[in-house]
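Coming up is one lone chain in structure tokens, specifically the form predicted on its own.
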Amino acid sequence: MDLPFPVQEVNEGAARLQVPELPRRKGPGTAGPWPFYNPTMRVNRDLSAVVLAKWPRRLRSALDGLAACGAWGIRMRLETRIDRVAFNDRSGLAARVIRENLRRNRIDADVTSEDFVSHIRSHRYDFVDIDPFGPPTPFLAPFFKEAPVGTGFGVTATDTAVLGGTYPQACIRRYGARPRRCPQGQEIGLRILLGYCALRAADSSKSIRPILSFAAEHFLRVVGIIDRQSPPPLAFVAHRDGEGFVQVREGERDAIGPLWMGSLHDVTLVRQMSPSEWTHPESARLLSTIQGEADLPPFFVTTDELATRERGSPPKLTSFLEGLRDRGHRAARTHFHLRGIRTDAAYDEILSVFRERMPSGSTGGSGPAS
């Protein structure tokens, strides 16, 4: 295929792809005139394929709505039971690359070069994926307006610095929510994204039901279903010393939100998910961690924070978990933070176990660090 850029062969999951051969770096990538492909997004596609393999009903059609090189749509067709996958990207150059990649994988599919919003106004699918270069916000209100109840959706946000609290004013403008820069910033950002989806669905007298929601690398990902209208579980929280995150009224000091305070997942379905032969080991480990924490309450604590508060060295994570469980609490690692623990224990009980499990002689005295 004659293209105005060098290409390279890539194998990802079950797909064989031809993609632009360009310098890569960690992170979300840089915009350019070429069809975009980011290999670090493999974990996104790995887990999304695992989700679709356990979808609660038969999916006959799907749209890769901002398809770029077509990597995700091709994997959908090869790794799930979806009968028909369509590809759309405004770039005519992207459409050429997609068609070549379809030919390489022996897939017959429709490829269009339309504006996403225009496309969904005239087409219906059982599942629609929204994975833009940049924030997903411009696409969500039109999607929830046009898509009928029962439609599945996937939404990826790569503006994690905005959702994670580095640029709070940008988050207020873009998502209508106040974030917080802290160790729990990714979870807060994911709950902001879910809350925004829920509000845009509510604008069209619908609601959302998350199936799997997670953070990895430089992105946040939500996979869910549009449901009939119901009040969204939104709330504001604030972080209080000695209490952790507590629910507060909108406008209160340091209020964060509005946040989705319901479950991030359909716990039953998530527990049934299993890696496929195409799932990368790193993605399989992430899935396992998510399954372990899936039914635990919102927000987590980190041993770093608690050690700073107690002015001492933290215990090993395994020892901390064991201490919480020995007292009858449920506790698990969280995928949001390497040293994070999610538990149903009250904050004072968490502190008690932490002090009990700190290395002997490591404490400089309890109370907040100055």
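Just so it is clear, the structure is predicted and the values come from calculations on it, not from any experiment. Numbers follow the displayed sequence, beginning with 1.
This protein has a second form, the form predicted together with a small molecule, left out of what is shown; the following refers to that one.
Only one of 165 to 173, 241 to 249, 132 to 140, 204 to 212 places residue heavy atoms within 4.5 angstroms of the small molecule in the predicted complex, namely 132 to 140. The small molecule is not drawn, but in the predicted complex it has a heavy atom within 4.5 Å of Ala67.
Shown alone here, Gln184 lies farther than 4.5 Å from the small molecule in the predicted complex, counting heavy atoms only. Taking the partner from the other structure, the small molecule in the predicted complex has a heavy atom within 4.5 Å of a heavy atom of Ser91. Under a 4.5 angstroms non-hydrogen atom cutoff, the small molecule in the predicted complex has Phe36 among its neighbouring residues.
Interface residue among Ala71, Leu194, Val128, Val223, judged by heavy atoms within 4.5 Å of the small molecule in the predicted complex: Ala71.
Site annotation in the predicted complex: the residue of Phe299, Phe219, Phe116, Phe236 reaching within 4.5 Å of the small molecule with a heavy atom is Phe116.
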